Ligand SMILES: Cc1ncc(C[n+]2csc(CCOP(=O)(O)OP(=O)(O)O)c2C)c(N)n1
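Encoded as structure tokens, the following chain is the form predicted on its own, with no partner shown.
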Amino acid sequence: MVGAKTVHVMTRDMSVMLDPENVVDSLNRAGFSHFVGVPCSLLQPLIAAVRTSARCSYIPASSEGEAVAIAAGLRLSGTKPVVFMQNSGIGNAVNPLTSLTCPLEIPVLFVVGMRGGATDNDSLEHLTMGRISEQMLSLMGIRSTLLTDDLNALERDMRTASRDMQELSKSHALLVTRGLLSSAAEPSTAGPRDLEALYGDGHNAAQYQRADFIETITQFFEGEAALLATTGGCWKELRQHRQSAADFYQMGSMGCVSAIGLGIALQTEKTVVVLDGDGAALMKLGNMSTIGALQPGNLVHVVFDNAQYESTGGQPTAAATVRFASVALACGYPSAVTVTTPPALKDALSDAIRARQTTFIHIPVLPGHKRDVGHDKVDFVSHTRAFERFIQTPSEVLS
């Protein structure tokens, strides 16, 4: 029997915050020292505190489902793991939760950043999951506790979570709302990657930002191709360079943009250009095997690689050791290259159009934005309908 459904109204006094180091100390006292997960901007201070603590071990996972499985392995090995995720990632975690940790009674502690609450003026992609997150956890038998800024309550919540895990073999979720945690500096990551050592062929270190290459792409195609941009800063930078019905903005569903592009490319003669990110590509790496198997000649898959989850605070991805172009070739892409300058990208795009074959272009980029991407007001539903009409209208009619 699952726990009773509890719905919290996620509102709080934003002037009072919880020190993330106090949370880490409380977790450590309760025996939790191994952390794994996918970053969330609401959890950035806590992840930063974990990464800088000598008492903690942090594993960046490529997806929430992977994080649950890693945590299950850690638990089976005798440790007490903590999984970080945004509530949007509950969807990715459902399968290993319902077919692994719950039925086999492998308890895991979750710390969940809660986006899209009833009183949270959040962006569109978070609203549905914001309404149903706690019900989903309850249906899976996972008890949830809404954290507050009360340190005494924090210690009590940790004891309750530990008891659920120890005595009932039940997972427990600690819910973190917007503004609960005070800010914390993100620990510095490694310096520029030695791209020549990783990729060979005389590649230099990344020297341009993603926006430089998006500008090159928009100038190269000038509206004749469909451009699909992944979540985070990528779609916002595309919109800064042009506002076109030929562009698809993937506001959520991280990792899915290449699969969306594949579905479109299989049904249209238009050139389809997917603008992906390293963290997103790694989250759904299996997409590349399907693309490689089907090989639509009108699909160009671009991965901008800054080796970090930039929009959630700059936490590292595993991209620093991934040879993306080699992965693409191994998955069956006929052509895959790594480029580091806008002129080299232009040449690669020209080759892709001329050859009319599925092409993968990996672009190491510097973190950061040339302009503030902000929160542009977009009617996503209307824009998606306009994009739909563009895709379904024959090219000769558009011209």
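Keep in mind that what you see is a predicted model, and the values were worked out from it rather than measured. Start at 1 and count along the sequence shown; that's the residue number.
Keep in mind that the form predicted together with this ligand is missing from the display, and what follows is about it.
- No member of the trio 221, 247 and 359 reaches this ligand in the model of the complex with any non-hydrogen atom inside 4.5 Å.
- Contact check for residue 134: no non-hydrogen atom falls within 4.5 Å of this ligand in the model of the complex.
- Interface residue remark: residue 287 is not counted as part of the site for this ligand in the model of the complex, having no heavy atom within 4.5 Å.
- Interface membership of residue 280, defined by any non-hydrogen atom within 4.5 Å of this ligand in the model of the complex, is confirmed.
- Proximity of residue 211 to this ligand in the model of the complex: non-hydrogen atoms within 4.5 Å are absent; the residue sits far from the partner.
- None of 180, 158, 175, 254 but one reaches within 4.5 angstroms of this ligand in the model of the complex through a heavy atom, and that residue is 254.
- When you look in the model of the complex, the only residue of 261, 81, 89, 113 with a non-hydrogen atom within 4.5 Å of this ligand is 89.
- Segments offered: 263-271, 303-311, 70-78, 100-108. Contacting this ligand in the model of the complex at heavy atom distances within 4.5 Å is 303-311.
- Contacts to this ligand in the model of the complex (heavy atom within 4.5 Å) from stretch 152-177: none.
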